[in-house]
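Presented below, as structure tokens, is a lone chain in the form predicted on its own.
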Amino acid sequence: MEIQIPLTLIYWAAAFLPILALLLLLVTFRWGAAEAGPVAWLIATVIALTLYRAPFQVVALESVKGVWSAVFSILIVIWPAILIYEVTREAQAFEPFRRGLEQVTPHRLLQVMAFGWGFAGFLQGIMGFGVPVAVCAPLLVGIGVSPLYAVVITLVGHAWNNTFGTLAVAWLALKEVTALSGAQAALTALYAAAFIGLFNIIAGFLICWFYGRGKAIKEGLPAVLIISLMQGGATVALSQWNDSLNGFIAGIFGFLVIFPLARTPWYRKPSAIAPEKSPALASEGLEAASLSAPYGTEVNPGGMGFHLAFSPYYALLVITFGVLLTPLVKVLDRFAIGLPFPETITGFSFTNPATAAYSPFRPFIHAGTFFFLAALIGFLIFQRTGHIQKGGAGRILAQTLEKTIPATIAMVALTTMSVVMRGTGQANVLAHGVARATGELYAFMAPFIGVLGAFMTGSNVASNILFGNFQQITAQVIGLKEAAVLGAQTAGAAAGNTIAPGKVLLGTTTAGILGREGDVLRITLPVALGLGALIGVVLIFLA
């Protein structure tokens, strides 16, 4: 798309202002996302109506798209994710779950890697939609990790599988918008997988660092190398074989290898790092412990084993496998609900094409539906076995409602802000401005475009759709290797999922620290930018 909006510093700075305001409010002033999101949305709307010459009708329609996307793409996952957490919490299932995990391995660092990296990557391989964050952050809290680090570790640990996970929907989107030939697609997949493999091993070391700094890196080195070989190595190998199953198989390998690792001399004994010496365990340990049981009840109920405690999540996996990996998915996929939107044009002729069904919601194959069914099954199992007492349903619904209201406000505001920026040309100006300013150094900046797209949209898929074709054209004009630049785009978008406000909010909500999104971003923002810089440096030599 040839952009007609003036590519001047004023227009670029104006487009960046909503993002800057959001980061300042979250990170510097420590506002919660429910407060910072509406402010950023308002700024983006005012800029769209004035400087970017978007008629009120265009902004209104883009806002409706944003609300629709927030509700039926993200909140539909957040609401039942909180519900399944509250069901597990009401049944006091986290403590027996922790005890059961210790029977597999007493080594707490390996436990953290098992959930925050292995299991999170596995879930990203089959579901996505923020499910790994929603599931694994509270599970880490349940085994004693502080809520803040539980969110951070899960964000870092799942993001590597964002391109080829969820049946490779982000990768397929990139191929679709760039119309890659078979040979060029295979080469691009190889570059993307190599960048993701680099990201993956760094994620393992970062999780160790969060757990216990240098001593934890030394303790976790064997596990990091072996798990990364299974995850990142498999991603590279499978990139030349099967698109859809790449992330799924790599995720399985990375999770299952935890069990033989637990039997090795490295991890048969407890970690040498005392809990009080571990930032991940010590900083908010009391708060973490309190989150694993309902208010006013005793932790450590009798009569519940590991498998019973994990039953809602077993149900989630069975439902997911039973639908997504069987012929049933082709039947259920036919049922979709989407809103029709007309074509819209701004004063600068920035056009949004008409669509018969915008962002269709498929209720029978959506992760939110799977979550709700798993929560219901878990509740019935816990109630039947006597682990949810009289009045438990009321307490679960009250706690769920209390957490979902601010999360809903924040998610609607953040998603609508990003859609308004995309639909009025602000996102394109940001990307084109970076390309024009950097020139031959664009190779270094290419992954940051992917990071920006994921930050704005909360999705690797949307980032690839938004900027994939732009990256392709820019690479051709400048004379860079198209496949390498596109590989960096989607790898950068994967890294951007560590700072995507929607994912951060999902983690803080399910881990019980809603309002501390800025604290999370203070840790994950350097991670995302550092990964982008590393990929950019490598790309300079490759492209």
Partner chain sequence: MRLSIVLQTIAGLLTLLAVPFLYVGGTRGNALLLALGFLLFTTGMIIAPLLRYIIRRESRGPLHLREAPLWKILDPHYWRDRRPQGR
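Residue numbers count along the first chain shown, from 1. All figures in this text were calculated on a predicted structure; none of them were measured in a lab.
Below, we refer to the form predicted in complex with its partner chain, which is not included among the displayed structures.
Participant: Taking heavy atoms and a 4.5 Å cut-off, does Tyr52 contact its partner chain in the model of the complex?
Facilitator: Heavy-atom contact with its partner chain at 4.5 Å: absent for Tyr52.
Participant: Please check if Gln57 has a heavy atom lying within 4.5 Å of any heavy atom of its partner chain in the model of the complex.
Facilitator: Within the cut-off, so yes.
Participant: Could you tell me if Pro406 has a non-hydrogen atom within 4.5 Å of its partner chain in the model of the complex?
Facilitator: Flag for Pro406 set to yes.
Participant: Consider Leu401 of the chain shown here, and say whether it contacts its partner chain in the model of the complex, taking contact as heavy atoms within 4.5 Å.
Facilitator: Yes, contact at 4.5 Å.
Participant: Picking from 463 to 471, 410 to 418, 450 to 458, 237 to 245, which part of the chain touches its partner chain in the model of the complex when contact means heavy atoms within 4.5 Å?
Facilitator: Of the stretches listed, the one contacting the partner is 410 to 418.
Participant: Any chance all of Arg30, Val39 and Pro340 sit within 4.5 Å of its partner chain in the model of the complex, going by non-hydrogen atoms?
Facilitator: The answer is yes; Arg30, Val39 and Pro340 each reach its partner chain.
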